[in-house]
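One chain is shown next in structure tokens, namely the form predicted alone.
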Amino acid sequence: MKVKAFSASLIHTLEQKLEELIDDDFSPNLAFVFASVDIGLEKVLEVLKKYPMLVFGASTCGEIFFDGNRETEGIYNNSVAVSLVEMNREHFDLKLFDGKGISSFDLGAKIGLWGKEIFDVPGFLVAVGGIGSNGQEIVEGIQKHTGRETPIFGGLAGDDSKFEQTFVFNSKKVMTHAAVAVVFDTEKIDMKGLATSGWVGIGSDKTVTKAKGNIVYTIDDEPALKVYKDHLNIRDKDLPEIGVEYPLMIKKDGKEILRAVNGVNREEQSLVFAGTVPEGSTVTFSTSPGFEVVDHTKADISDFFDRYGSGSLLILFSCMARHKALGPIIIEEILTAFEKAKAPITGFFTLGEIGMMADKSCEFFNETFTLVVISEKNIKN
């Protein structure tokens, strides 16, 4: 597997970089492309169409590119971050799935069934477009056909934190209410992952008294929007933007899973979360304790690479709320990953992340640093 990565702030620069990197010695057949809606997704697509590559693309809330060159690496806005990959075409496939008019669970099920039909033991990278998409249902839909042990990584696409419309794309089309997925043959391709947050609970436990899927209507029998505003002392107009910084912490089977607000129905006084919040679940509000989050994440990153080693392709799905809450110091955790991996990292700030927990099960998260490390296995004939 060969990987080359770069970032570009202009469409012209994107064209130049591709021309420079693609030659007789490097013929990528897969591209991971994370782009701001403001740079123009259709323009990005027109450039990519010139090359015979499958494209995994998502709109972002900020782009991530680290390669050790302090002059070009960093966290960007209104740009595009790209990883080009040359690998055995028999070991992966890619497809764009239309999710219009169907549930997130059914969209995930379409992805899982497709992947299982291609490989006996599939692993997935998934990006989902469309405000209101339920990331947890995407995961559960995939697992319906592949099982809980299936490696699944990815995120909900962003729109530069406008909370209006998000997109995914392949080499032919840009879509919302859709998902783009890469399936790998995990008998040939190794997929390792880390998901770490550091957010802490604040206040007393509460009960979700009315909810359906990712929509919460009441908490402790009061309208969910009112509870959020009263408990956090925020104004109505501050939501949903500020809601991503104070997610609900769901206490589930000894685990703590975060759910961020990404939509508000003011008429119903309900909140739309990025993933399922089960009716009857015990929750509390949560927040970032600041510098301690970065220290927590850096320790987890170091432990991960010490335990599992690195790989050829590294993709980071990090929550936009981490960037908003931590500001410039968020670079420290990404730099730690690069220094440990000694390989380029591209990625984007998401509205929700899919990754692997310590017990090797995959879940949907918010406020989480979610990294996937991919490499070819050494297989003896």
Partner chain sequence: MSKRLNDILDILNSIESWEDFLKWKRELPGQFNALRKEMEATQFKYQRSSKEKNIIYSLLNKTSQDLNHAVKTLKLQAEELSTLLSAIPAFVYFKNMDHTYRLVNKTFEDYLGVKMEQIKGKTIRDLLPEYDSRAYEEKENRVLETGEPIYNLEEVIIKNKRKVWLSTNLAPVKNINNEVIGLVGVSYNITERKKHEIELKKAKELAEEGTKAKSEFLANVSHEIRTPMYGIIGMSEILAQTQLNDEQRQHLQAIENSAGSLLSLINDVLDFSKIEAGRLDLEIIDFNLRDVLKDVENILITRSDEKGLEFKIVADDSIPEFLRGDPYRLKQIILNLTNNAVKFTEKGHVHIFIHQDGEDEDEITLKFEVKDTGIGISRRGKRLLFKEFSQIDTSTTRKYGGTGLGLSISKRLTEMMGGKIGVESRLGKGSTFWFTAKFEKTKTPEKSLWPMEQKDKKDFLAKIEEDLSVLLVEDNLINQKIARFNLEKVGYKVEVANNGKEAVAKFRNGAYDLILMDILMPVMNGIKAAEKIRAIEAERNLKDNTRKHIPIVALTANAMKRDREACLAAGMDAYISKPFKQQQLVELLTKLIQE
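What you see is a predicted model, and the numbers here were worked out from it, not measured in a lab. For clarity, a rigid core is taken as the largest C-alpha set superposing within 1.5 Å between two forms. Positions refer to the first chain, counted from 1.
Another form exists, predicted together with its partner chain; not displayed. Remarks below refer to it.
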{"item": "Residue contact check: Ala325 to its partner chain in the predicted complex, 4.5 Å heavy atom", "value": "yes"}
{"item": "Its partner chain contact in the predicted complex: Thr282, any heavy atom under 4.5 Å", "value": "no"}
{"item": "4.5 Å heavy atom contact, Glu245 to its partner chain in the predicted complex", "value": "yes"}
{"item": "Touches its partner chain in the predicted complex: Ser204 (any heavy atom, 4.5 Å)", "value": "yes"}
{"item": "The single option of Asp230, Asp236, Glu149, Glu268 touching its partner chain in the predicted complex, heavy atom within 4.5 Å", "value": "Asp230"}
{"item": "Ile102, Phe105 and Thr176 all contacting its partner chain in the predicted complex, non-hydrogen atom within 4.5 Å", "value": "no"}
{"item": "Per-stretch contact check against its partner chain in the predicted complex, the hit in 51 to 59, 340 to 348, 32 to 40, 325 to 333 (non-hydrogen atom, 4.5 angstroms)", "value": "325 to 333"}
{"item": "Partner contacts in the predicted complex for 274 to 296 (non-hydrogen atom within 4.5 angstroms of its partner chain)", "value": "Phe285, Thr287, Ser288, Phe291"}
{"item": "C-alpha of Gly101 moved at least 2 Å between the shown form and the other one on rigid core", "value": "no"}
